[in-house]
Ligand code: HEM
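Just one chain is shown here, as structure tokens, and it is the form predicted on its own.
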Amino acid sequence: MDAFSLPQRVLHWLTVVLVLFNLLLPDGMNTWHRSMVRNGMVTPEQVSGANIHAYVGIAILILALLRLGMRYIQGVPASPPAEPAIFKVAAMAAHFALYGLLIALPLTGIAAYYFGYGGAGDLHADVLKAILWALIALHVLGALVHQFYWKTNVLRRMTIG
């Protein structure tokens, strides 16, 4: 297997778009939360904005589970031979953590928004979100190191195949 399958690549990039949407545009949920804390009341527009954030998060959860299923069924390309062993271990750990966060973030968001568990909301918005940003940065950096330092085909495997 030299590259990820077309469905794997599509799910990856769709996940990227949805994750970036929720990370960069959380305003609907933030506005809803501030209003609930301040006066316990929200407008229909605030509920709609929060629902968009929540629905995108649920879509991310579904996509992450689908991607894990596809990894299990179809497998993934082997690590490039030019990659040092320590980086192979780091890449496996980073992917494990990314999938964990793509599942944990929606679940903590659901616990906070739909079931009112405030601690889950704090974990979701403060801790897990910061860890996700760090892992995204490491993931992108790793891909760039492969492309420009080791000159492997890692980026090609997840873009054009």
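Here the structure is a predicted model, which means the values were calculated and not measured. All residue numbers refer to positions in the sequence shown, first residue = 1.
Below: the form predicted in complex with the named molecule, not depicted.
This chain is displayed alone, yet in the predicted complex one of Ile131, Ala125, Val42, Leu65 has a heavy atom within 4.5 Å of the named molecule; that residue is Ala125.
Taking non-hydrogen atoms only, Val47 never approaches the named molecule to within 4.5 angstroms in the predicted complex. For Ala90, no non-hydrogen atom is located within 4.5 Å of the named molecule in the predicted complex, even though that partner is not displayed. Residue contact check for Ser35: none of its heavy atoms lie within 4.5 Å of the named molecule in the predicted complex.
Among heavy atoms of Trp13, some come within 4.5 Å of the named molecule in the predicted complex. Scanning 100-135 for heavy atoms within 4.5 Å of the named molecule in the predicted complex gives Leu102, Leu105, Pro106, Gly109, Ile110, Ala112, Tyr113, Tyr114, Gly121, Asp122, His124, Ala125, Lys129, Leu132 in sequence order.
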